[in-house]
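Just one chain follows, in the form predicted on its own, and it is written as structure tokens.
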Amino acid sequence: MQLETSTVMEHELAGGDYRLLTLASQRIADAVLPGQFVSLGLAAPADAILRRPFSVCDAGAGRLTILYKPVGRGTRAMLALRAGDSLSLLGPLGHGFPMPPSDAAQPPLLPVLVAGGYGVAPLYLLARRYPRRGLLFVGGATGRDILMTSAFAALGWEVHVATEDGSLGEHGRVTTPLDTWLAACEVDAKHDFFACGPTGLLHAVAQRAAAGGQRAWVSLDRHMGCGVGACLACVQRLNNDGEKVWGRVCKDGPVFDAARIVWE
């Protein structure tokens, strides 16, 4: 974990109401692993004293990109950021998605990524660095919530889209095309799930992984105070060898083995 002063390099629309913010980062960008996050300190608004946590969408070569939607005081204030503006950057934070060892004797299982809305953010960095191409299932309320599909396709990933209003891709939730694909898989097919999005979606992915004897890793989204495990504002109930314990999403996650989550 490092603290550095960063400057805005680019700030652009990502589609719908979403934005991509690219920051210059001398140290943190090269250290970030897929699924980890950073915490931004903003100069305004003055009463927003807490840092804002964001998943890292892309990183490397002195650049770090986050995907966000302006929904509160802090994120709405970010709309005013322009190239050259400075802000405080803390990271990388938390535990990310597991990556196959580079010297593994066997190739990794087929990766299946499942995202809801801007849950694509941490999955993009995973897709870019994963040693095997796989499938992305992404869903949203409308077509305006479907992001970065062309970027995943450019990496060689097979993309499936669903929207609840039917405006783009299949009509329904993202589990609609996912279930169709799973039904067509061979009985003994093995793959790994990686998911990020609303809790209901993560639970649905965890259920499907458990039913098929597959592994799943989910990135939880919780309101965070400090982002470093001190304030205990983002706790999650976990299974620990048959005992239920409390874990800190910011420190022990945000990525967890789905089998460890106590789904309430």
Partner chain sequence: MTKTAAPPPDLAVTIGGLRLRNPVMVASGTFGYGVEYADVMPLAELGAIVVKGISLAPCAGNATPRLVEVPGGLVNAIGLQNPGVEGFIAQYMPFLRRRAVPVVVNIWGRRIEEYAEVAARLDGVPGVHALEVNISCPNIKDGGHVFGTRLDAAAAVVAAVRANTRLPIMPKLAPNVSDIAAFAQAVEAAGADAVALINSYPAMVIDVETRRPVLANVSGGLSGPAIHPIAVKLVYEAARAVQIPVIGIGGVSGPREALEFLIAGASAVQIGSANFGDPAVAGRVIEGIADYMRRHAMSSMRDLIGSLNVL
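In this text, all values refer to a predicted model and were calculated from it rather than measured experimentally. Numbering follows the first chain given and starts at 1.
We do not show the form predicted in complex with the partner chain, though everything after this point is about it.
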TL;DR on 63-71, 230-238, 191-199, 213-221: the one with heavy atoms within 4.5 Å of the partner chain in the predicted bound form is 230-238
4.5 angstroms heavy atom contact with the partner chain in the predicted bound form for L50: yes
Legend entry - 4.5 Å heavy atom contact, T7 to the partner chain in the predicted bound form: no
Review point. Hey, in the predicted bound form, is V32 touching the partner chain, heavy atoms inside 4.5 Å?
Key: no
Check your understanding: Closest heavy atom of L3 to the partner chain in the predicted bound form, within 4.5 Å or not?
Key -> yes
